[in-house]
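To begin, one chain is listed below as structure tokens, in the form predicted on its own.
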């Protein structure tokens, strides 16, 4: 398990993380969401031991990771830059990382390299951005660490190759229980890859939820009540946790948390003539959750 315990990290006057608590279960696919400066990359760099926390602790399987070689060897970090090691060929990149990760598998690397078909003996400086991403991802998977951290790592990879790379990650998770942590602005990507996601904003975790339970627990309701002369408000439904309440002509638009049957029962006293529940996208759910907590929903802009 990867754990942050009341972890604080600042850069000069800028507080990147403010007493953050976070647990990432072993074997999960965990997403970190948030705008630029929210703290996503800082968390990843703390988890792999690049940064040391100024307050609190950062643990890998119960051990502090900073300045701990054994803990660091459990983590492979793929950052959001593509300029590092540009003077290496893919073969040299493989051999470089093989020195530091005793679990490196030549067999797995050969299999993954065959899938992406990158030139082994050309310098990475001649690769496109997407090819560089593929090179470091297959190297990271072949290192066979229990934990793999990806910071916007799919950026620049074409849609067809994204499918191949995602399949590689899923196979590693299924075959050896790899824990994958993905930082991304792309909600669709997080939705496709992750079972749990945390939303960060200005160094704080706004919420941390399992995506399946989240999607099943928030609904968009479009309803018309029998008494069209009455102006209903959210306060008329005290048994319902409402994130958004608005009216357009005679139609009420409500975003509510809870199971579908619970929502219908809470609205029943107002005698709805029409009551349609429409599925929300993950982006809509997060935006309404933010608004319900009093945060600016432009975090996703």
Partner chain sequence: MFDIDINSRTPIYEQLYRKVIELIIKGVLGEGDKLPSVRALALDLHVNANTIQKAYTLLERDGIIYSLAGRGSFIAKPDHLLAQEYILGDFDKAVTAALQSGITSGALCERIDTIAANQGGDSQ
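Residue numbers count along the first chain shown, from 1. Quantities reported herein were computed from a predicted structural model and do not represent experimental measurements. Just so we're on the same page, rigid core means the largest C-alpha set that superposes within 1.5 Å between forms.
What comes next is about the form predicted together with the partner chain, which is not displayed.
Novice: Sort through 123, 98, 166, 204 and report the residue having a heavy atom within 4.5 Å of the partner chain in the model of the complex.
Specialist: Partner contact (heavy atom, 4.5 Å) among the options: 166.
Novice: Go through 291, 284, 18, 23 and name the one with a heavy atom inside 4.5 Å of the partner chain in the model of the complex.
Specialist: Contact with the partner chain in the model of the complex is made by 284 alone.
Novice: Indicate whether the partner chain has at least one heavy atom within 4.5 Å of a heavy atom of residue 174 in the model of the complex.
Specialist: Output for residue 174 is yes: heavy atoms within 4.5 Å of the partner chain.
Novice: Would residue 212 show up as a contact with the partner chain in the model of the complex if we use heavy atoms at 4.5 Å?
Specialist: Flag for residue 212 set to yes.
Novice: At the 4.5 Å heavy atom threshold, is residue 195 in contact with the partner chain in the model of the complex?
Specialist: So residue 195 counts as contacting the partner chain.
Novice: So, residue 230 and the partner chain: in the model of the complex, are they within 4.5 Å at any heavy atom pair?
Specialist: Judged by the heavy-atom cut-off of 4.5 Å, residue 230 is well away from the partner chain in the model of the complex.
Novice: Want to guess which of 186-194, 71-79, 146-154, 99-107 is within 4.5 Å of the partner chain in the model of the complex, heavy atoms only?
Specialist: That would be 186-194.
Novice: Taking only heavy atoms into account, state which residues of 252-289 are within 4.5 Å of the partner chain in the model of the complex, ordered by sequence.
Specialist: Sequence-ordered list: 278, 279, 280, 281, 284.
Novice: Rigid core aligned, does the Cα position of residue 264 differ by 2 Å or more between the shown form and the other one?
Specialist: True for residue 264: a C-alpha shift of 2 Å or more.
Novice: Would you tell me if residue 222 moves between the shown form and the other one by 2 Å or more at its C-alpha, with the rigid core held superposed?
Specialist: Yes.
Novice: Superposing on the rigid core, does the Cα of residue 69 end up 2 Å or more away between the shown form and the other one?
Specialist: Comparing forms between the shown form and the other one, the residue 69 CA shifts below 2 Å.
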